[in-house]
Every structure is written in structure tokens, then in C-alpha cells.
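The chain below stands alone and is given as C-alpha cells, in the form predicted alone.
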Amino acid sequence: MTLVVRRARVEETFPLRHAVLRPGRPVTASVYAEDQSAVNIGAWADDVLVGCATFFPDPWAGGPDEPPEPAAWRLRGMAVEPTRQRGGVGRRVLEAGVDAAREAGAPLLWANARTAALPFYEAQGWRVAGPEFITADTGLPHKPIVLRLDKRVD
């Protein structure tokens, strides 16, 4: 099985994003206002989309340990087919999106991560940047997370 990670048309990501992140809700719950101007990354295994994420400019408002950053980018809609989780798909999608944000000059990338997914993000160098909250659209606990892009950690 070969995994191909590349930029995607946002329409290619909707079915997986919806199935993983908003099951039981209308497909429109998986559409973001920023989709058409965002960098969308997809991962395909044998021509089947198994991972996706969306990255776009969105200022970081700041948090307890991270000051506001008007030139920040945001990650949304990170989804990996459940049977493919813990197999490197998410890491590869995330790396491609981080590269795109860094190439665009973003000094910081941020997201509201599901609390259950924090170990994944922390293993990729992200850190929690605020208290837990429940999102209105999913009813699940999340925490804001950040990744500095202007400082390489080797």
C-alpha cells in the first residue's frame, strides 16, 4: 500500500471530514467559511482518501503562555479514517500542512484539538495553550494548541 499525500480540492475532503468529525450531522456541518481559500491536504491509499486537514490564515488571539499572533495560521478538520489511525497517516498530513504554513511565512500554527487527540499533537511538537472547553458544534472537550513555526526544534 502506497500512501500519497498532496494538496487536495476541498470537495475531496468533505466525505471523510464529515464521517469522522461530524457523523450524524448534516454534511453542511463539515463546511468551513475558509474552505475555498485554505490549503487542504489529503492522504490517499490506493486511491481512497484516508486522511485530511485544512490550513488557513487566522490570527491567534493569545493564551496564558503564548501572546497574540496576527499572522498565525489555523488547522481545522483534521481527520483520519478510524481503521488507519495510529499508522502514520495523520503525522504525514500534519507535516504537509505545517510545511505549507511555514512556506507562507506563518510564525505560528494553532488549533482547537479534541482532548482525546492531544497525545498525537504533543508527539508532533504542539503544546497546549489554554484551558479545556466544550465546543458547541460537537459537544466534545477541546483544548487550544499551538506550534511555533519560526523556531526550529531539532
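Here the structure is a predicted model, which means the values were calculated and not measured. So that there is no doubt, residue numbering starts at 1 and follows the sequence shown.
Although not depicted, the form predicted in complex with a small molecule is the subject of the following passage.
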Hey, with the small molecule in the model of the complex, do Pro59, Val98 and Ala129 all fall inside the 4.5 Å heavy atom range? no
Partner contact for Pro119 in the model of the complex: the small molecule, 4.5 angstroms, heavy atom: yes
Answer with yes or no whether Gly105 is in contact with the small molecule in the model of the complex, where contact means some heavy atom within 4.5 Å. no
Contact label in the model of the complex: Gly87 to the small molecule, heavy atom within 4.5 Å: yes
With a cut-off of 4.5 Å between heavy atoms, is Val10 one of the residues that contacts the small molecule in the model of the complex? no
Of Ala45, Val39, Val31, Ala113, the one that lies within 4.5 Å of the small molecule in the model of the complex (heavy atoms): Ala113
